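Read the single chain below, which is given as structure tokens and is the form predicted on its own.
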Amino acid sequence: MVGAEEAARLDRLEIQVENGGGGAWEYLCLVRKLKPRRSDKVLKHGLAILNDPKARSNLGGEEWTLYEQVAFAAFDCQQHNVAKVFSLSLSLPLHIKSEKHLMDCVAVLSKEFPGSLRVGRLEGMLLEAENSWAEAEKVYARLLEDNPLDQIIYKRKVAIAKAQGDLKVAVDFLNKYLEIFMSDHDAWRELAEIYVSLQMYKQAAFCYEELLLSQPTVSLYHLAYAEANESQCIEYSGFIILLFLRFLLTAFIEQVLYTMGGLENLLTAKKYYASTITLSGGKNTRALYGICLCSAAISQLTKGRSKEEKESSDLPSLAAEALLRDYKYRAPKKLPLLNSMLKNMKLSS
């Protein structure tokens, strides 16, 4: 995780470079280290160095690292012509360079590092950028034969499947990948989100369970797991609440449009919402809404049952009070809307 001090230093350097104060190479090195997504700046300042023979010669062996960094930035900015073609002449000044001195960046790297895995990945990504999916697949298949444990290539194959809209193939690739790299949290989360988009909630819940086992203190995983278990089987006022909540909540709730349903799942979801509140110090608004929603649904499902079977917790009313306080401070104009919703849920008078 990027520290506040390093992030501030990066911002200062960016302002300095943008204003012509120098330090472009230091800025690019810091971007590589911290990995923020500032591709437009990397492209601009990286090309400026590469097109300056003196500045480029001062880099020594780092010159090739910069080529790679600029190529990735160009892919991200959809400047494929820049990724593919820019000046690599080592002798002529920029203003007299002709077309014959404009060469393919990836080809030059391939010539400098024949058989390089990193350059091979670049070749595949260039084909992806040009929508040459079959050719990219061939490149990655060849690379996997020589490097069967390369995680990045597996992920590129998943990216190709997603880019083509073939989520089932993406699921197959991710499952094969996770058979080898079972501790990759990002892959489990990616698989969970794809399952959610395919409305395969039991499989998504399994992925979130894996994440909770490996990272039990990450509140977002508790929240996502709770939302994957939340009920869709609420009628009338509960249905209105669900629609309203779908509008209010962001991130995970937008992906979890429908959920598994059933009293047991609701009770489980409520526990994980409560865990999220605990881990976030009571500051997660989505989790507070989740408690209220689950409680309303549980109340409807247990209507007519004995008192022993019904829920008897102060948590819903405490969550409602916390929401009211938060809205009063942050969004007082929306307080009447929240009050109306909580009254429908019988959590406010």
Partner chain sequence: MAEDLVLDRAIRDWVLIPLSVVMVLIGFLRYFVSKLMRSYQTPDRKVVKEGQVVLRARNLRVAAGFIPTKSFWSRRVYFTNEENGLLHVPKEQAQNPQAQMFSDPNMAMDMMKKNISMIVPQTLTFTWVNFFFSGFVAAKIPFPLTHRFRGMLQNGIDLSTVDVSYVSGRSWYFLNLFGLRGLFSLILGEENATDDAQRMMQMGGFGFDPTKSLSAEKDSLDIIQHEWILPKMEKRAEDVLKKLLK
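Remember, it's a predicted structure, so these values are computed and weren't measured experimentally. Numbering follows the first chain given and starts at 1.
Although not depicted, the form predicted together with its partner chain is the subject of the following passage.
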| item | value |
| --- | --- |
| Answer range among 50 to 58, 65 to 73, 31 to 39, 279 to 287 for contact with its partner chain, defined in the predicted complex as heavy atoms within 4.5 Å | 279 to 287 |
| Heavy atom of E179 within 4.5 Å of its partner chain in the predicted complex | yes |
| Residue contact check: E264 to its partner chain in the predicted complex, 4.5 Å heavy atom | yes |
| Non-hydrogen atom contact T268 with its partner chain in the predicted complex at 4.5 angstroms | yes |
| 4.5 Å heavy atom contact, E123 and its partner chain in the predicted complex | no |
| Contact residue in the predicted complex, chosen from A141, L149, A134, A163 - any heavy atom within 4.5 Å of its partner chain | L149 |
| Full three-residue contact with its partner chain in the predicted complex, heavy atom 4.5 Å, for D184, W188 and P216 | yes |
